[in-house]
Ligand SMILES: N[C@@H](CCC(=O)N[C@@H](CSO)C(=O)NCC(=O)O)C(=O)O
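Given as structure tokens, the chain that follows is alone and in the form predicted on its own.
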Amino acid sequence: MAAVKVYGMALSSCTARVLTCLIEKGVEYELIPLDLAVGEHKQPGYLAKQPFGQIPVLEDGDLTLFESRAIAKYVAYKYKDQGTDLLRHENVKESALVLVWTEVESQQYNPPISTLVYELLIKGMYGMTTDQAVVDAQSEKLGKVLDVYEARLAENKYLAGNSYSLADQNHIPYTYFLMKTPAASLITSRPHVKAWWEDISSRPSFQKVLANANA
């Protein structure tokens, strides 16, 4: 059995972020599925691992971690000498830019895109009604962020420079779901963002996550 265990759902955005990172780094792992519909993530045994009752959790030997971005950063650092150099650790300038753009994803990109995915995709799955006012407001916010990305990607192939990194990878799961909604036009209407998205989403690591989830 793999030493690294991941508790979660393969295609939940945060679990997919961790799995993509593990695959990119060539780390063997065991996915332990949790059924959120019956509240397995709220049971005492799981809450002992993740006190907020969210997914995913990673166990690596005697170390237990939660929060997907922190997990991905840990994996990228621990296994920095194998797989893709997601932290650009041999170049101080590029490494600093990875940190900047991972923060941009977390603080600027994630709030509007996660809200849009919830309104346009998740609500419909549970028979709830989309709030168009929220969609309009968050689309405007995300559009402004993507204008910054468009300018950045006009000068660099990837967000932290000309090499794929954790800064790009952290964007993949939520953008994947956004592309299944009418708000996909926020991506496709910006040529450099569109090309970047097509590049990062087609990487074998994420494609393997999708294939495993649909197997």
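All figures in this text were calculated on a predicted structure; none of them were measured in a lab. The numbering used is simple: start at 1 and walk along the sequence shown.
One more form of this protein exists, namely the form predicted in complex with this ligand; it is left out here, but the text below deals with it.
Steric access to the site is open in the shown form: after superposition of the site C-alphas, this ligand as positioned in the model of the complex comes no closer than 2.4 Å to any backbone or C-beta atom. Contact between Asp60 and this ligand in the model of the complex is not found at the 4.5 Å heavy atom cutoff.
For Lys180, no non-hydrogen atom is located within 4.5 Å of this ligand in the model of the complex, even though that partner is not displayed.
This ligand in the model of the complex is not approached by Arg190, whose heavy atoms all lie more than 4.5 angstroms from it. Residue contact with this ligand in the model of the complex: His41 places a heavy atom within 4.5 Å of it. Checking Tyr149, Tyr164, Tyr174, Tyr29 against this ligand in the model of the complex, a heavy atom within 4.5 Å turns up for just one residue: Tyr174. Proximity to this ligand in the model of the complex, defined as a heavy atom within 4.5 Å, holds among Cys14, Ile23, Ala10, Ile200 only for Cys14. With the partner left out here, this ligand still marks one of 123-131, 67-75, 136-144, 83-91 in the model of the complex; by a 4.5 Å heavy atom cut-off that stretch is 67-75. Residues of 46-66 that come within 4.5 Å of this ligand in the model of the complex, judged by any heavy atom, are Gly53, Gln54, Ile55, Pro56 in sequence order.
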